[in-house]
Structures are given as structure tokens and as C-alpha cells.
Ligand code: G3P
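One chain follows as C-alpha cells, the form predicted alone.
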């Protein structure tokens, strides 16, 4: 399973990259605004900075909602860097745009997916990634992980190449559960990734090893 980090914070992206397990980055207008990145040109420059840090795909979201405007905006984003993946919302014109981008060899990430039917449409249109938001489904007392299972079954049934990118991952168990189910990618905050490092028995064991080593060298 690929590990993406869902942020626009350059320091966090660098930290994840230095860990040696980062495969890509996802962002959205809300994450950009959180870092104080506003204005079209500043946002484009920020995407380029992210691409300079990581080796993998970087999702850059269109803010248009009509077909022609999404095509125009998506083309401009794709020209920024070869690693850019155009992030398109799951709406009617978005599906049309994904088909256009797919036909023109521009990678896409279909975002704001909340049903298996939406994921099926995205795959039929040729999306590179589909992003079901599992955390937001959990927020409304719906099992987000079951959606990943449904999409996995459908994609495997028909051999769709679209990768399932589990989005809105909130914590470490989300990561583990997505890996069990067979999500191709997860994207979440740095904390959800670093949480995988932690176990109390590891801390206790290391403390004992170091204490025993210290004792042995004092003799």
C-alpha cells in the first residue's frame, strides 16, 4: 500500500519524506488556506515546491465546477510538473473531465467519493485514483471502511486499473484496516503515519536493552 500525506505543510512533507516511506501528497483548497497559501499564482508555486520534495504523485485540486473550466484549469495544473495529478470532484462535469484527461494522458484523482456507484463511474471514465472519504463517512455514523471493501470487490471483478486512495484517514487503525482490506493508497495526516511506529513493548524493550548494556559496560 502506498503512503500519501494529506497536507500542504512543507515541514510535515519533508519529515514524512525523510522517514523513507512517502509515496506522494494530496492537498485541497482547505489545506492550502490552513497554511496561509492563497491566490492562484501562490498556490501553483506551492505545488511546485511540494513536487521538489517528494518523488511521487502530488494531487492538485481544481476549483472549477464546469467541464470547460475544469479542462482549462486541469491542463494548467498538469503543466506545472510531471508529478501533478489533477484532482477532480465527483460531479457530472467532473466525470466528463476525467474522461477527457484520461484520453489525453493526464493523471487524475476523483475526489469527494462517498458511494460505490460514484467509484464505478470514476473508474469507467479512466480515473488514475479514486478517493473515498472514509473519515467523513464515519463522522455521520456510516462505516467508511465498508465502502473501501465494496469498491475493491467491484474493481477486482472487472479489472479496473483505477487505484483506491483511501482519503480522510484520521488515525493509525484506519491505516491498518485499509491495508487489510486492500486499498492501494492511504492519505492522512503525519500523525496517522507516525502512529505506526509506536508500541509500548518496543519502548520497554529498548529501555531494558540500553540499561543492560550500560550495566555490562560498568563492570
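Numbering follows the first chain given and starts at 1. The structure presented is a predicted model; accordingly, all values stated were derived computationally and were not measured.
Here the subject shifts to the form predicted together with SN-glycerol-3-phosphate (G3P), a form of this protein not shown in this document.
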| property | result |
| --- | --- |
| Answer range among 23-31, 148-156, 190-198, 172-180 for contact with SN-glycerol-3-phosphate (G3P), defined in the predicted bound form as heavy atoms within 4.5 Å | 23-31 |
| Residue contact check: residue 168 to SN-glycerol-3-phosphate (G3P) in the predicted bound form, 4.5 Å heavy atom | yes |
| 4.5 Å heavy atom contact, residue 99 and SN-glycerol-3-phosphate (G3P) in the predicted bound form | no |
| Close approach of residue 136 to SN-glycerol-3-phosphate (G3P) in the predicted bound form, 4.5 Å, heavy atom | yes |
| Heavy atom within 4.5 Å of SN-glycerol-3-phosphate (G3P) in the predicted bound form - qualifying residues of 106-121 | none |
